[in-house]
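Form predicted on its own, single chain, as structure tokens, below.
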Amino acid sequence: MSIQLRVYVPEHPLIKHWLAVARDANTPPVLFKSAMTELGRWLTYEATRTWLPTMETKVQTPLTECDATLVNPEVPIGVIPILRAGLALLDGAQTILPIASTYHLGLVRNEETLEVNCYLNKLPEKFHPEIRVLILEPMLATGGSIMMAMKELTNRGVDAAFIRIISVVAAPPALQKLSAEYPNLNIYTAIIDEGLNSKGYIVPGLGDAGDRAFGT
């Protein structure tokens, strides 16, 4: 598999733990959603290590003045959950980025043709050129949904280098498509699985993340 983009699989024990919980077919929806929330939290934490713009300043402690570093409030941050499965990661991501704006993008895949259609687009016509964007997409399978999302964002002025994708399970087909089109992209995923079955599902994967999170 030839990949140019940067794919990170953090070796955090909590990420491994909650991935195991999410994978288990016997996990009930309420616990599955909790696992996804935790994965959203810890993967976002890892993704923001060197991504958030900072500024140097000074603060007055109870004793004296000292140097300090703050997240730069003048650079906007956007979080985009890909509906509906991406909503399962949103609560966790928001605990790390509570001041980020949330933009919704609804994409649905035809289970027979595997083609993707957009049914909801709440993105602005143009983004701030310096905006940092976090895309929440639990499953990177065929790559159809994430490629459509990336096209929508880059067409609206978002620099792919400022985008971080949070995924729970990724498969080679999606990673190869993203790498060919966006070599400066960064992806954070709990694991890279071996491939897809005939229906386009990731194997071993964790099933349909949206169905399992919402019990429908």
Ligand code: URA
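Numbers follow the displayed sequence, beginning with 1. Owing to the predicted nature of the structure, the values given are computational and were not obtained by experimental measurement.
The same protein also exists as the form predicted together with the ligand; that form is not shown, yet it is the one meant from here on.
This chain lacks the partner; the member of Leu134, Leu105, Ala141, Ala88 within 4.5 angstroms of the ligand in the predicted bound form by a non-hydrogen atom is Ala141.
Contact annotation for Gly207: at least one heavy atom lies within 4.5 Å of the ligand in the predicted bound form. At the 4.5 Å threshold, heavy atoms of Ala22 stay clear of the ligand in the predicted bound form, well away from it. At the 4.5 Å threshold, heavy atoms of Ile15 stay clear of the ligand in the predicted bound form, well away from it.
Of the heavy atoms in Arg109, some are within 4.5 Å of the ligand in the predicted bound form.
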